[in-house]
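Just one chain follows, in the form predicted alone, and it is written as structure tokens.
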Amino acid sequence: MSKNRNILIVDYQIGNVSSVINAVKKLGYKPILSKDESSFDSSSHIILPGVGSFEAGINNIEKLGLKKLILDQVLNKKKPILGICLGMQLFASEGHENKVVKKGLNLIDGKVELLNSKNEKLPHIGWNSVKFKTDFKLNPNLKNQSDFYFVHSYCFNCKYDTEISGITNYGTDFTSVVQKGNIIGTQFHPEKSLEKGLKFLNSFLNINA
């Protein structure tokens, strides 16, 4: 697949996106940080990054008029989208944070809730392994227990097990990878996960749009 393509990194004004931009560049693609409709139309793949609260994230998406654009590109035009950390959580039906319930993008049924880490400290920061489901296609040349970098306190509790593609343990098992067709999300940061993260990201960017 040609690398002469635009990769849209959605600019909803939350979180540090420089590492995502650099990772896409390193893989030889052209990253475009934008919130403009023309950039959505000209891109082959979409990345929704983010670090921060569910409430702030979805509020910005709605305020900037991005919700309709994202849903049209993903549901109608079937473009591949990768949600990273908060970006994945925003795929959910609802976010439950600080007793506030906010509606998400509703791309994958489920709720974002505080991680039940038991005796482990929150936030969960650092390297941890991901157990991929055997039918998940975006882990080429990666061992099933590959380590990736995490920074989060909340997790995505999916309604349907069929949309869970990876599990990680931190005091308890939680969903670290989701997939529903062209919709893919990771609780970990592939752009901060060195060689294994780049392999994962490159596999996503090679999905046919």
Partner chain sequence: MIPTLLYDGLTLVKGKNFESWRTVSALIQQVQIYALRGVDEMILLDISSTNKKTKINFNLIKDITENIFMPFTVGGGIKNIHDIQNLLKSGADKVSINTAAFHDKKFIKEAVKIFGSQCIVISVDYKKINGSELVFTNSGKHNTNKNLYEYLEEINELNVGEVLLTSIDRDGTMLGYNIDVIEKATKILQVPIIASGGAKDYKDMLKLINKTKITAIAAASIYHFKNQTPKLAKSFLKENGIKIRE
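Positions refer to the first chain, counted from 1. Since this is a predicted model, take the numbers as computed values, not measurements.
Quick note: we don't show the form predicted in complex with its partner chain, though the next part is all about it.
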Contact between I125 and its partner chain in the predicted complex at 4.5 Å, heavy atoms? yes
Proximity of S19 to its partner chain in the predicted complex, heavy atoms at 4.5 Å: yes
Contact with its partner chain in the predicted complex for Y149, defined as at least one heavy atom pair within 4.5 Å: yes or no? yes
Does K77 reach its partner chain in the predicted complex if we count a contact as any heavy atom within 4.5 Å? no
Give me the residue from L33, I167, V51, L64 that has a heavy atom within 4.5 Å of its partner chain in the predicted complex. V51
Heavy atom within 4.5 Å of its partner chain in the predicted complex - qualifying residues of 193-207: S193, L194, K196, L198
